[in-house]
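Encoded as structure tokens, the following chain is the form predicted alone, with no partner shown.
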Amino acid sequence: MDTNETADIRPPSFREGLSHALRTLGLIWDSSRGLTLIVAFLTIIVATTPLAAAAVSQLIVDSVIAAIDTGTSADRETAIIWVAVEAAILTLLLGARRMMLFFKARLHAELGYAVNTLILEKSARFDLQQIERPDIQQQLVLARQHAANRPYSLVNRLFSGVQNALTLVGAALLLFSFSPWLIALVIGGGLPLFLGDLLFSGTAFKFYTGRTPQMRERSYLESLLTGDALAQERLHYGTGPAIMDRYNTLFSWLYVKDRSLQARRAFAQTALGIVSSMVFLGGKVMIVLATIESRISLGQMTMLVTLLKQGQSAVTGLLASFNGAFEDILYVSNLYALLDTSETFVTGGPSGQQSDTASAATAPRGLCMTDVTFTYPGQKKPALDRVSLSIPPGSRVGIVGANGSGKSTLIKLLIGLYTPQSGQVCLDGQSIAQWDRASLGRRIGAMFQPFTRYKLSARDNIAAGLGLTAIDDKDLFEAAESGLAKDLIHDLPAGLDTRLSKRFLDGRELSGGQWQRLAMARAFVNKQADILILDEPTAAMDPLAEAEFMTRDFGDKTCILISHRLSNIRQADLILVLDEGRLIETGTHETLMLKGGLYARLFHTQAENYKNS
């Protein structure tokens, strides 16, 4: 992997950033209005009570001095009353801060759930062509990396900004009564750290976002070293040390780059922090000199020093909130880039509903392709090139060809997972593009190659064929029997409810052939399906199970079978022969053998291999 390669990262413009901030506020308002209002109310309390405490501190000091000078009980009582008032204010502040932490934690959880839901729903709406694209995969990774934290952090910084702004305004009004220059010192003391953080936020965003491919590579190498499904090859071939070396090299490279960035950031923040402290000390010197010259009282000095510190902290906090919000917006932009990505898969017209002509009541006319061409993104050569075919209802069709000839691509086009660049795919005379996704799912049962091994229960592995809806055990066992998985289910410790994964303490792992039987059962569970598409359904089966499956009666269903074992499809009504994306032969076994073309050569080669084995 070229570690010098980085993604082209463009930070959002000011207008885009403002839009992202407003959208995030809209998200939190929609997800939890009550919590938002509570946190806003507590923010106001936390912002104003320190100012009140500072003002009361002046009254306490002046009352104490008066009591010392006069020795009257009235002045002593006044001082004690102001101490009690300060205690009440500080108690209110402490309670408000504790409650705000509690409600912000709830807000964090609810907003994180809302954002994750948006990401998952968006991913579910992508079609297969989109979800397979590397740029979409990178968008998903970037959005999910900070799905729960960055949107909440942005909102939290906005609340903190409001809190610090209120504190700053109150402190400025009180400081103005002594000297307007103190306000300038308060603001000037907070600027250096803000400018430094602002500079490094953009740099850090470009670094961490631009290095996403390397970080994904690192995660993949970790999975090679820890995944149980990958362990046998790693142990047998001894690839562990080499993988570990690659992991160490990649980690070291990322670590050095990160360390360099953090070191520069720490040095700059230290230097700028010293500048801020010197400005604050200058203001404190002004106040002390004014007290010595008797222009203000000791109580006023105490209040002004406290306000100076609170004001500078408010400025630092306000600018830090602004800077942090800017950084959060940089990362939140990844979320909205994903959510704003157009979804290319549209079925049933603009409304997304199945058209009247694509209804279940339409008379079956079968599947057909007309001059279909499909090319994968980034590839020059078409995976399918001007393919035309017709599959009548109730027929049994075999598809053969070498690896890479376009068989699986053909299947994905037939069931609408891919959209051709040219030509048309039709079901019952209606373009596949006008069929509703759910309607296609009801019409077509499919077993894909490779198939999914759900780390769920055996029940869920079969019920996935009907969208994981609740299905009677009787229907599940019928589907299992059709897929040759009935005995497998009976042998599992908890039957249909057995968890199929070693990741769980009560889980069980299956062999490749057993997983394949469950995948076939999944294709058969939908009784309404009048079309069955099976991609290498017997690849992991033993010869007896394969023979049992291939002699099965599929009734009046259309059955489309992809198989490298040509003996499995010799009884098919129609055989389609693909070669390098072109449909070069069609016919029955007998006609193709008489023709003496590619099919006949492949069949004779396999037959000779069986004889010699």
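So that there is no doubt, residue numbering starts at 1 and follows the sequence shown. Model, not experiment: these values are computed from the prediction.
Here the subject shifts to the form predicted together with a small molecule, a form of this protein not shown in this document.
Colleague: Please name which of the stretches 516-524, 403-411, 295-303, 432-440 has residues with heavy atoms lying within 4.5 Å of the small molecule in the predicted bound form.
Modeller: Careful reading of the contacts points to 403-411.
Colleague: With the partner left out here, check for me: in the predicted bound form, does some heavy atom of residue 383 sit within 4.5 Å of the small molecule?
Modeller: Yes, residue 383 is a contact residue.
Colleague: Hey, in the predicted bound form, is residue 260 touching the small molecule, heavy atoms inside 4.5 Å?
Modeller: It does not: once the small molecule is placed as it appears in the predicted bound form, residue 260 has no heavy atom within 4.5 Å of it.
Colleague: Although the small molecule is absent from this view, report whether residue 152 comes within 4.5 Å of it in the predicted bound form, heavy atoms only.
Modeller: No - in the predicted bound form, heavy atoms of residue 152 and the small molecule never come within 4.5 Å of each other.
Colleague: Should residue 379 be classed as touching the small molecule in the predicted bound form when contacts are defined as heavy atoms within 4.5 Å?
Modeller: Residue 379: yes, in contact with the small molecule in the predicted bound form.
Colleague: Heavy atom within 4.5 Å of the small molecule in the predicted bound form: which of 270, 449, 219, 91 fits that? Just give me the one.
Modeller: Of 270, 449, 219, 91, the residue with a heavy atom within 4.5 Å of the small molecule in the predicted bound form is 449.
Colleague: Name the single residue among 506, 371, 497, 132 that comes within 4.5 Å of the small molecule in the predicted bound form, judging by heavy atoms.
Modeller: Contact with the small molecule in the predicted bound form is made by 132 alone.
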